[in-house]
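A single chain, nothing else alongside it, follows as structure tokens in the form predicted alone.
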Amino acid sequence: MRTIMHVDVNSAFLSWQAVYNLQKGDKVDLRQIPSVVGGSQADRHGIVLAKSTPAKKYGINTGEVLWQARQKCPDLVVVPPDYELYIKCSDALAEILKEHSPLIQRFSIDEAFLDYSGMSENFGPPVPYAYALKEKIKKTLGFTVNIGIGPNKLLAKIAGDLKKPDMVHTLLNQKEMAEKMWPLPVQDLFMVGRASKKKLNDIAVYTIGDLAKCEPEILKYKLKSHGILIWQYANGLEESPVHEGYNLIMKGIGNSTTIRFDVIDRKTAYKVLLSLTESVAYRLRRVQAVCGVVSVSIRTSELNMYSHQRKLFNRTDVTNEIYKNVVELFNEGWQGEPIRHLGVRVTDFSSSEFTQFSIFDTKDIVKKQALDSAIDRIRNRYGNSIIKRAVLADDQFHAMTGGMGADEYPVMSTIL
């Protein structure tokens, strides 16, 4: 039987920011006061990205706008996000995990799976081992994690989410599932969203246990194949392997930004889209994938939103190739309204190890890949701001965008 651990950083962005600020000499720990990581309201990036435990007591939620959060807590401390810092913290966590298992899968920037199968004979039972690992992370890196333990990735992840922060939980057998998992609301189950919840409630399925005991044929009639999938999950049935590295565990990678001032010309829009594309392409290469679909989203000053996407003839991870399609999609989709928000997203992944090129562009693609690789190495070593495209370096662009990235979310995994 497999033994899988799910390691999840508690309030990751805020914890990492708190530890960094303390190392710089700050006297107040952000984790001990009502505080959030969030964008600037003046820059129109005003949402809560992460919150402290004291902030939760005021009813502050991730994703809500800052002015609402401040209404709930007038003394709320708001700090801006620092994504380069968060990536470094994520990498530091991964290095410690690699010391404890030969097989680690980074599920997102603040989550990872560790395969402990067959290791008990040499390193002891999994629960004491998890506590020791949790304490080592806290002592070495300064932040806390939750660790869930189960016979597969699904149950390990659900176990880790049972109660936070700084805890170890198990879902190792049917008895523990019945006691700890089945009483939870059905929407707490992985892959059960708002639409699925409504359909399940319509047939008197309110808890994960109700779903587990439901007739599969009824679920298939009501939710088609998705009904069978979530029935399997409710019964703890999931066999996906722990992949080394990130692998291809996400459905898509995207980056978007809300711009300080309405964009009314193509030249400025192109600069914003280029900056977004650079971030997306970099993260695509980081997970060793190539994309087959590129999409662009536009939100107008009137808050109307629409998007446009394209299936690529050849999959790619090259920044300039993705950007070429981004510009064409923007030109096809934009109707001339003032633009408040732009986004770039890539989907339909396969491994970059087996990329197939057209016989007409192999030479240019190889040169572009070499250029991207060189830029990636420089940024990995010295930081993202050390090297920039000249077109993105002018003061006017930075005044308009605030340097970009205030709405950027690092790699987010959406499937097991």
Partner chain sequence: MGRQIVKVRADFDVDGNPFPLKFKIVTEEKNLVTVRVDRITKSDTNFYAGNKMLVYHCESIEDGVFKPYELRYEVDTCKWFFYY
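Computed from a predicted model, the values in this text were never measured in an experiment. Positions refer to the first chain, counted from 1.
Here the subject shifts to the form predicted in complex with its partner chain, a form of this protein not shown in this document.
Among the residues 127, 92, 293, 223, the one placing a heavy atom within 4.5 Å of its partner chain in the predicted complex is 92. When its partner chain is considered in the predicted complex, only one residue from 241, 151, 142, 254 comes within 4.5 Å through any heavy atom, namely 142. Here the marked residues 20, 85 and 88 all reach its partner chain in the predicted complex, each with a heavy atom within 4.5 angstroms. Proximity of residue 16 to its partner chain in the predicted complex falls within the 4.5 Å heavy atom cutoff.
From the list 365 to 373, 24 to 32, 66 to 74, 47 to 55, the contact stretch for its partner chain in the predicted complex under a 4.5 Å heavy atom rule is 24 to 32.
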